[in-house]
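Here you get one chain, nothing else, as C-alpha cells; it is the form predicted alone.
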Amino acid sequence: MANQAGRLQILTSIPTFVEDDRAMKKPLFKSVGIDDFAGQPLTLFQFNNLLKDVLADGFPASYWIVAEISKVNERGHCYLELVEKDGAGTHAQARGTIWSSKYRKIAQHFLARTGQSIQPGLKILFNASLQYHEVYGLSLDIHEVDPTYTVGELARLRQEIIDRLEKEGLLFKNGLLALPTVPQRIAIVSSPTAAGYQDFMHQIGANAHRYQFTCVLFPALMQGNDAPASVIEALRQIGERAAEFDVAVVIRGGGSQNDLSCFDHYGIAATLAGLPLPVLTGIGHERDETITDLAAHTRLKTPTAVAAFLIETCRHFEETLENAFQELMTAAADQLIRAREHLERQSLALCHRAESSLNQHRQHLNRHHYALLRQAERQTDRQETYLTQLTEKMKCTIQNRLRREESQLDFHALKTSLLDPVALLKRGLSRTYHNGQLITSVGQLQKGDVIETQLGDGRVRSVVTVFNQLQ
C-alpha cells in the first residue's frame, strides 16, 4: 500500500471493539495511510484492491457474531445468507461461507447437539473472519458454529409458543372435548406415502374384533419447511367437514428431532385446538413430545398406538354392552326363579290357613327390604369412592397449576434480571450522550461536539474530532 500514489485515512475518535468471551478485544478500524496517486484517477480494480488491503488491516482477527439464517445453499461448500431483524424488518445482512473442508464436521456436530440441520429460520452464534474479493465483494468466512446458543434459542422459542397458547386458552381446549363412545369415523392428516400411515391403516383394518372404521385421508406434508402450512390446510378442511367424523388423527411415525421440528409450530397447534373434534396424535416415538402433541386431546407414541387406542375404545364399549347383557340375563333368571318360587308359595298358601299366607307375604316383603338396603349400601359405597377419587384429582390439578405458575414467576424474574440496565453496563456495554440526549447514530453528532459516555463504573467525556458514518 505504501508504494501506491495517494493517501487514504480512516479515523475514528473512539475505537470500537467486539466484545465476547471467545474473542479478544480488537479495534475494528485503525489509521491507514498511502501515498498520493499524483492526481491520477484509480481504476475500479485498484480501488477494490486498495479497499481489500484496508479491510485486511482493519479486521485482522475473527469475531463471534449472532445472526439469523435466511437462506442456505449447499454445493460442496455451504453458502449462507445472514440477516438481523427488528420490528421494522431486516436492518442488517451479509453473506457467509462454510468451506467444504469444515462444513461436514460443523454440520454433524450442530445436528448432534441441537437435533436440527443448519437451515433457514435458525439463529446461530458463529466465529468468522471478514473477507473481501475484488469481484465478489464482502463476505464472512465461517470457522465455527456454537450449537449451544441455538439450543437455548430453540428452547426459548418453543416455550414462547407454549406460553402463548396457554394465555390464549388454546393449549388444553381440544383436551376438554368428550371422546365419542364408539369412534369409527376417522379424519386422518398424514402423507399418503408415509410408512406410519400404512401401519395405521393395516392395524385399523385388520383388527381382531372385525370393527368397521371409515377413514378419510387429508394429505399433508409431514416434514420440512412447507409442512406447517400443509398440515394447517388439512386441519382446516377437516374443520369444514367436522360433522362427518367422530375424531381426527395426525400421524407420521418416528423420525429424528429435526424431522419433527415442524410440529413445534403455533399455527398447527392453534388450528388443531379450534377443531370441534377430539384430535389424537401419533407423530413420534415416546421420547418425542411436540407442541402439537401438547395441544391435542390425546397424545400417543406411534400411528399403530393410535389405531390400537381407537380399537380398544370400541372394545371397551362392546365389553360394557356384553356385561350389561349378562347382568340383564342374570337378573331375568333370578326374577324367573323368584317368580317360580313365589307361585309355588302361592299354590301352597291356598292350602294353608290365612295366617300362614300372611306370614309368607311378610317374608317376601322382608327379602325385598334387605335387597333394597344392600343396593343402597352399594350405591353409597360407589359414591364415596367417586368423591374420594374426585378430591384426589382436584388436589393434583391444583398442585400442578401452582407448579406451573411458580415456574412462570421464576422465568419472568430471570428475564427481568437479565434486562437490568445496570447489569448491562457492568457487562461492558455503554451509553453515549450529547447535551443529555442519548446518541444512537453518528448522524446526531458534529465535529467538535462534546460527548459523555456512561460506563459501568463512571462517566467519560470526549470531543469528536473526526468520525466516519457507515453506509
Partner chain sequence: MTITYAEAIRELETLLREIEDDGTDIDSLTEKVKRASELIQACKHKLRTAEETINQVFKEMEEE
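Residue numbers count along the first chain shown, from 1. None of the values given here were measured: they were computed from a predicted structure.
In what follows, reference is made to the form predicted together with its partner chain, a form of this protein that is not presented.
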Exercise. Each of Arg315, Ile337 and Leu343 near its partner chain in the predicted complex, meaning some heavy atom within 4.5 Å?
Worked result: no
Exercise. Pick from 327-335, 193-201, 374-382, 135-143: which stretch has a heavy atom within 4.5 Å of its partner chain in the predicted complex?
Worked result: 374-382
Problem set entry | Among the candidates Leu176, Leu358, Ala243, Leu390, the residue which, in the predicted complex, approaches its partner chain to within 4.5 Å (heavy atoms) | Leu390
Problem set entry | Contact residue in the predicted complex, chosen from Met394, Ala206, Ala155, Val182 - any heavy atom within 4.5 Å of its partner chain | Met394
Problem set entry | Contact label in the predicted complex: Trp99 to its partner chain, heavy atom within 4.5 Å | no
Exercise. Is Glu405 one of the residues lying within 4.5 Å of its partner chain in the predicted complex, judged by heavy atom distances?
Worked result: yes
Exercise. Is there a heavy atom of Phe172 lying 4.5 Å or less from a heavy atom of its partner chain in the predicted complex?
Worked result: no
Exercise. Heavy atom to heavy atom, is Lys71 within 4.5 Å of its partner chain in the predicted complex?
Worked result: no
